[in-house]
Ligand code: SAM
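A single chain comes next, written as structure tokens; it is the form predicted alone.
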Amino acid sequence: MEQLTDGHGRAIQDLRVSVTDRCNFRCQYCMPAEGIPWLEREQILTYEEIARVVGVLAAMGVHDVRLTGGEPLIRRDLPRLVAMLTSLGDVREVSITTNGFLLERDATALVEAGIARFNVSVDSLQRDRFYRLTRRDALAQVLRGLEELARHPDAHPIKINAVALRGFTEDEVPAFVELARETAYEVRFIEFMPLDGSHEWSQEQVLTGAELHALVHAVHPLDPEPREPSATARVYRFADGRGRIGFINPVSEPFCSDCNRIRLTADGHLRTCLFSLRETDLRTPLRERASDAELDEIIRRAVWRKELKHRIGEPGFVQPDRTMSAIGG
């Protein structure tokens, strides 16, 4: 079958699937303390519906699947979905992004079901500051989950994602650098993006990757590694060979030109960019028993209109109504 491409000539090979909009954290950069209205259960795609969409897309050359949320491990019996997806012949890799709170419980089952890579969100390594940002006293449980995951050789590499906020993350850098140097974890700092539930994002809050790189490099010199096509992270190896660290800079250094990603929301809508202002409904045709050929046509039409770039910081930029929790990272 013909490779899925957009109208700018980019081959689409990566799918992010939000399995739930619900989350057990209330991170300040994502949602208000009281949370946001959740989707009703009947609005959420079933595992069978998700597998159907993934199968159609995989046949179109979208071989890599990342499960996200909300917090994906909240979804009951998630390893069953993982096993369904890894059994699809055209799927090359299934990975997951999680806040790690339930990893102590689920790590073994997820690895056995076929998760190939884990990204775990940890924004502070200090208990009080972790609580301040996530509004949950959960750092100890997250770290136990990471330790449990690290016991599985098939789970590596394990990446630690930290959202970089000006006035907060600067003080976190030394601890994260030591974590990257003393363990097998690869730490990645992610610039704060305008996807917060309160819509209070401002450019002034963004601690850029260049600033973070300078902070790290001043103490432990860094050597760049080649950027892989469509990679989101700029990865560096410590000059003395002790570990790696990455910087994801969507605000200051957009990587839209070779973006190969699309997203499926928990309620079955296709998004061609994190910052899309329009979506394509796949849940309705799925439930009206559309054929694979009909789904193929709907998807190709939507992806052909994929945005050239996200336009953060440009005049007229409009933040999408959906938050990161509702979209899926």
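We number the residues from 1 along the sequence you see. Quick caveat: nothing in here was measured; it's all calculated off a predicted structure.
The next section is about a form of this same protein that is not shown, the form predicted in complex with the ligand.
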* To do: Choose from 176-184, 158-166, 236-244, 87-95 the stretch whose residues reach within 4.5 Å of the ligand in the predicted complex, heavy atoms counted.
  => 158-166
* Go through Val111, Leu222, Leu102, Met193 and name the one with a heavy atom inside 4.5 Å of the ligand in the predicted complex. => Met193
* Answer yes if any heavy atom of Gly209 is within 4.5 Å of a heavy atom of the ligand in the predicted complex; otherwise answer no. => no
* Asked: Are any of the heavy atoms in Met324 no more than 4.5 Å from a heavy atom of the ligand in the predicted complex?
  -> yes
* Touches the ligand in the predicted complex: Thr265 (any heavy atom, 4.5 Å) -> no
* To do: With heavy atoms only and a cut-off of 4.5 Å, decide whether Glu71 touches the ligand in the predicted complex.
  => yes
